[in-house]
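Before any questions on how it binds or moves, here is one chain, the form predicted on its own, in structure tokens.
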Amino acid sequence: MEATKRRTPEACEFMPSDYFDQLKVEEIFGNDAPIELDLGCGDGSFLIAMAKQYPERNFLGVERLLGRVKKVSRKAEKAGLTNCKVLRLESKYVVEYLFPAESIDRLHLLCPDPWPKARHHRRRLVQQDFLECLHKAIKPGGEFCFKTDHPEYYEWVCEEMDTFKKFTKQEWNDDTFFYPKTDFQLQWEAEGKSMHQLRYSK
């Protein structure tokens, strides 16, 4: 039987040499600059804007849908960004298994699926086991930023973080720092929905 061929990645797509071993983070971008993760990066609008604004930092988008990965990679290449890449993989797996302890400077979880039905709440990413992995992976002083348009999911995350107790809630106003809106946020605000945001530090 012919061996399965390894898919050829886009120019700005990152593919680990081994998906079952921890990454050597400096190998992703070829340097040791601070790294930020955007879990579920969608069309990459937030990721690209952040990489343009902060050229001294590295930005890795995580997205499981191949079409989106290719689209974001092409956007980053067209913009000439060397500090922006995208990885096709499940978000939880990336945080739990790929990144070494104290290696992530900031993690963004923006407008994730709220799984609104009670029987689906177990599918929500923010749970105690995920927070444990996140706390391990984030550097001391690093941050976790969360946004949602779903009030009940916002309350859920507040409760999960209060239960976890290992992060410190920080002030986050619109002028705290540069923070572009995602495609989902722009869409939902156009529909009259309000965004809820949380920022925590380790």
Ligand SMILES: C[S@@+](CC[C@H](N)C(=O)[O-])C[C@H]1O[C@@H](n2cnc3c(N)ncnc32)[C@H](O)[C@@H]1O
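So that there is no doubt, residue numbering starts at 1 and follows the sequence shown. Remember, it's a predicted structure, so these values are computed and weren't measured experimentally.
Keep in mind that the form predicted together with the named molecule is missing from the display, and what follows is about it.
Heavy atom of each of G40, V62 and F184 within 4.5 Å of the named molecule in the predicted bound form | Yes, because G40, V62 and F184 each have a heavy atom that approaches the named molecule to within 4.5 Å in the predicted bound form.
Only one of V72, L110, V95, I104 comes within 4.5 Å of the named molecule in the predicted bound form by heavy atoms, so just point that one out.
-> Spelling it out, the residue with a heavy atom inside the cut-off is L110.
With the named molecule left out of view, choose which of R68, H150, K136, R57 has a non-hydrogen atom within 4.5 angstroms of it in the predicted bound form.
-> That would be R68.
Would S91 sit within 4.5 Å of the named molecule in the predicted bound form, counting heavy atoms only?
-> Yes, S91 sits close enough to the named molecule in the predicted bound form that at least one of its heavy atoms falls within 4.5 Å.
Taking the partner as it appears in the predicted bound form, which of 111 to 119, 126 to 134, 96 to 104, 78 to 86 has residues with heavy atoms within 4.5 Å of the named molecule?
-> Single hit among the candidates: 111 to 119.
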